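Okay, here we've got a single chain as structure tokens, the form predicted on its own, with questions on binding and movement later.
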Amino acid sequence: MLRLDRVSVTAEDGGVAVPILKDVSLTLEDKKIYVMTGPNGGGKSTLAKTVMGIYKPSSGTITLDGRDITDMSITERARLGIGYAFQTPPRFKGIKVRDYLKLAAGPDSRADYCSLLYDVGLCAQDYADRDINASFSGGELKRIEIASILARELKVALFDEPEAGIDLWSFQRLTETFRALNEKTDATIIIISHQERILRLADQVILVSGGTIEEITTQEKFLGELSKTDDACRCRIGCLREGPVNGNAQCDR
């Protein structure tokens, strides 16, 4: 179980502390899928990065299975089983995809790089022996990073807009992979997304806005309320229902 208790995060702007997250309290249970959604700039990625240890809380506590991890580093949290797939993945020069996935999985893992690549819509014959360099598109990098997260036996798996830059076939495959991950493991899965097909995976939808948790609800209730706004914002409904447009859905109201 992952618990955040009155967590706040601030950033410096010209010597002035600007609040990004404000007294966020959450309890996230094992073996559940949580989808965080809400307006751009509302604090979703900051919240996920704070769980990973990329950002440090200015106040509040974070515990994992009753253990205080508030002051732990990214490396320490990773060793405890927290993993994060960035919205914009880094590039790794001089390492092949096959070796990267084996490194991510660890020496004792039974993870098969071929199956991992298939789960994210990539063919092992085309990618396993390629260096991860500038020849990869953003979408390809995204899928390889997601595969590296799937390779690990995690307690908490964080995915920041995993659909960005992914074609529709791979997106469908990815949703199936999230379902399978949920069925086969006890991991707490947290996905940042605006997409209806991702939202439909959720045990709970967490609406983040203005640096606070505005609402925690079921996906049925959230999508039911969303459909009522159809006349007010057809563009937003289209983005949520149809998936990525040109590889990236930016519409957000």
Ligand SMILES: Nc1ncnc2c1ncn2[C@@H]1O[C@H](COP(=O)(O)OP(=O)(O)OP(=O)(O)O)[C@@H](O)[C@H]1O
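Values in this document were obtained by computation on a predicted structure and should not be read as measured data. We number the residues from 1 along the sequence you see.
The same protein also has a form predicted together with the named molecule, omitted here; what follows describes it.
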Checklist entry - Non-hydrogen atoms within 4.5 angstroms of the named molecule in the predicted bound form: do 138, 167 and 170 all have one? => result no
Item to check | Residue among 46, 219, 188, 195 with a heavy atom within 4.5 Å of the named molecule in the predicted bound form | outcome: 46
Next on the checklist: Using a 4.5 Å heavy atom cut-off, which of 23-31, 36-44, 198-206, 59-67 contacts the named molecule in the predicted bound form?
Outcome noted: 36-44
Item to check | residue 175: touches the named molecule in the predicted bound form, heavy atom cutoff 4.5 angstroms | outcome: no
Checklist entry - Is there a heavy atom of residue 17 no more than 4.5 Å from a heavy atom of the named molecule in the predicted bound form? => result no
Next on the checklist: Against the named molecule in the predicted bound form, would residue 87 count as a contact residue? Criterion: heavy atoms within 4.5 Å.
Outcome noted: yes
Next on the checklist: Please determine whether residue 145 contacts the named molecule in the predicted bound form, using a 4.5 Å cut-off between heavy atoms.
Outcome noted: no
